[in-house]
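One chain comes next, on its own, written as structure tokens: the form predicted on its own.
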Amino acid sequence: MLPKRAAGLWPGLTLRIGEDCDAMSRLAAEQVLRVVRARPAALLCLATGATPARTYERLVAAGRRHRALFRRVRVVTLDEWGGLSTRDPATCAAYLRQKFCGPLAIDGDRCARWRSRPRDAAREVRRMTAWLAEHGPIDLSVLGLGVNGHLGFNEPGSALHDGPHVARLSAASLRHAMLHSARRPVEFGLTLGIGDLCRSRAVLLLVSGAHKAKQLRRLLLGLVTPRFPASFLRLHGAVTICCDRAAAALLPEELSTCR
């Protein structure tokens, strides 16, 4: 089924609603595959966490069925937990290695990861900035919507960073389920900036669960403000939001009928 554009919202937005998380993940995987088929060497910016996990499983399955699909695809990790050992299973690098990059053999110069425990965090930011300048722009950013509206570690505040930076993590981020298995406390965040994401050729935002319903409504119907970083996606001309029915529960009826 083709995407349906959500009337009355910002130009360039496509809203797709699946009945549950699995259906949402199928819609999201289809979007990623469209990009990869159109651009075999596409640069994907990938988020971590529970929300995109099933999407990545579907993409890995597609890659195993069609070996050439991801042969030239490149990946940049959206963010990282600063201060964790590189061997810590809670790192974003470990997550993507297990769930996406490893099974699809995306490594070496095709995979740009943050160093979770850099000797010099500012130098690590410069390294990632230089990598993006050389290898960008990002073709598709696959993102999740934070409970406080954050994208990556672009946390709510009076202003947002344009490019890669060291982030002071919010209490909401420090409660993230990924940290339950962390071997030591997280000290800071490392993340691409809101400008990096808005300069992506396309954005795919995944939103799942009733606990994200208020945030999704605010994103679609609220104002652009650094107090809700995801609202800056309203300035982008090619955003697809894939959500499940639970996350869409508070949307107006004319929006909740999108498929």
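Owing to the predicted nature of the structure, the values given are computational and were not obtained by experimental measurement. Heads up: residue numbers just count along the shown sequence, starting at 1.
There is also a form predicted together with a small molecule; it is not shown, and the following applies to it.
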Consider residue 164 of the chain shown here, and say whether it contacts the small molecule in the predicted complex, taking contact as heavy atoms within 4.5 Å.
no
If we define contact as a non-hydrogen atom of the residue within 4.5 angstroms of the partner, is residue 82 a contact of the small molecule in the predicted complex?
no
Residue 49: touches the small molecule in the predicted complex, heavy atom cutoff 4.5 angstroms:
yes
Look up in the predicted complex whether residue 74 has a non-hydrogen atom within 4.5 angstroms of the small molecule, and give yes or no.
no
Within 4.5 Å of the small molecule in the predicted complex: all of 209, 220 and 248, by heavy atom?
no
With a 4.5 Å heavy atom cut-off to the small molecule in the predicted complex, the contacting stretch among 98-106, 116-124, 181-189, 141-149 is 141-149
